[in-house]
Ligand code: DAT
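The chain below stands alone and is given as structure tokens, in the form predicted alone.
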């Protein structure tokens, strides 16, 4: 039975991991956090001193994911999305969070200074939504509010319904 591939993207701190893990738990789909996968496989090509973080080797990430993606039934979680092949995903969800919530979430993760400000600006200017719109067919890109536990439940319900419909239409 064919299952869809889903991309969860958005600024760090919007709730991609929480949503992705719960979605995988409810659907039996495979959840992949690209940041964790990169850390485990050391898929880096350097270190960014300004942001105090490693630089992702996007080609190695693509190589690592290719076989899994062709099987289907994968939920990918990453804050960037423009380097993934368009053919991989059946739907893209961009999570959006109000700045007051996002600021507190990022601060609690230890973000400060330029890194904190740049991520807040990224959300204000819809940078990742625009990146998704430029990288994928417009009709498969959807924004979801991600501020409260109620938003999380609504998003889970909505995505579960979409998965059910996709499976009916494609099997």
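Fair warning: this is a prediction, and the values are worked out from it, not measured in the lab. Positions refer to the first chain, counted from 1.
FYI, the form predicted in complex with the named molecule isn't displayed, but the following is about it.
- Here the chain stands by itself, but in the predicted bound form one stretch of 35-43, 105-113, 57-65, 22-30, 105-113, has heavy atoms within 4.5 Å of the named molecule.
- Contact annotation: residue 156 falls outside 4.5 Å of the named molecule in the predicted bound form, judged by heavy atom distances.
- Heavy atoms of residue 161 never reach within 4.5 Å of the named molecule in the predicted bound form, leaving it off the interface.
- Contacts between 70-87 and the named molecule, taken as any heavy atom within 4.5 Å in the predicted bound form, involve only 77.
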